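The chain below stands alone, shown as structure tokens; this is the form predicted alone.
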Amino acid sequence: MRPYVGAEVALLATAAALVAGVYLVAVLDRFAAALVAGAVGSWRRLLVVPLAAAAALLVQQRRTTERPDGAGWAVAPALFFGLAAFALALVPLGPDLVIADPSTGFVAFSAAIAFVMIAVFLHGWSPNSPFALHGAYRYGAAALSFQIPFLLAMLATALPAESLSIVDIVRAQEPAWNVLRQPLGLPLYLVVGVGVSFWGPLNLSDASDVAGGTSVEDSGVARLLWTIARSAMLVAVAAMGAAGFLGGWWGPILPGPAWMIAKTGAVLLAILAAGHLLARVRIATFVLVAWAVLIPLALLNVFVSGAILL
């Protein structure tokens, strides 16, 4: 791994990016909901309400369950957030604005996505609650189904670059973005992005039909931390989508980092709007579609991308 900045600067930059990203997710989620409802209202309210909601959770009394795994309950959101931070650190803002550019950045990012299953299962296991454990098993079934199309969709972006480095993948998109060369790639990736952070139509592990799933026993600070961790992972997924499929820092007039931030915000808005426009799917339906439709489409995307490259 070749760090581009010092360790202290890297940690501060990642933390600042995640804090800003988490706040952006909260604002955009409310904006998307208001936009769908046709009543946006004042921007001041959109900007203040997320802060007020976070403050309310900070002072809320935390409840507990009988004989919970306290250590696991505390570690789960920290692990989830840490994986999001690790994934985001691999995404470049510009050719020389990246915290770390390992030669196998694609593999490292994929590993972070895979380990999310451990954090979610730990979060469902720890409260010693049946609904929470049910939600954890749901995520396990969903994750095993979307990991393969995710890897295939990301692998197709590495073919034009002939490299697993994220910076090289973005550089290879100067003549044409991957969303144009691989039209199936971005939709497949967005499905996985929604699933890994379990938002909107793929919010299966924390769904209302299981009383809140892994979060059913969360309250106060615990609920706030879990929400922050989910939002942070969504930011990392959106940033990688912008880098892998939308050309990253490439764009006219504006500087590269501005394009990267704008594209990440656009991907975030699309994901959050889907949560207000689409109904939540059943876990059995999603698993069937993932194996019968998404994986064949992802394989087709890889084969077509390879044929075009040859």
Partner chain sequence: MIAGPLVDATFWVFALGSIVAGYRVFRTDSMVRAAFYLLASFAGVGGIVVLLGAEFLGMVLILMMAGEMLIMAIVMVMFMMNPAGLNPMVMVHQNRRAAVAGIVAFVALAAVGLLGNFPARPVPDPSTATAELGTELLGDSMLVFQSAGVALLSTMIGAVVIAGRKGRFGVAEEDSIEPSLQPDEEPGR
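Residue numbers count along the first chain shown, from 1. Computed from a predicted structure; not experimentally measured.
One more form of this protein exists, namely the form predicted together with the partner chain; it is left out here, but the text below deals with it.
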property: Contact assignment for the partner chain in the model of the complex, among 159, 108, 179, 221, heavy atom within 4.5 Å; result: 108
property: 97, 225, 172, 122 - the one with a heavy atom within 4.5 Å of the partner chain in the model of the complex; result: 122
property: Any non-hydrogen atom of residue 82 within 4.5 angstroms of the partner chain in the model of the complex; result: no
property: Contact label in the model of the complex: residue 144 to the partner chain, heavy atom within 4.5 Å; result: yes
property: Proximity of residue 187 to the partner chain in the model of the complex, heavy atoms at 4.5 Å; result: no
property: Contact label in the model of the complex: residue 164 to the partner chain, heavy atom within 4.5 Å; result: yes
property: Neighbours of the partner chain in the model of the complex among 87 to 108 [non-hydrogen atom within 4.5 angstroms]; result: 102, 103, 104, 107, 108
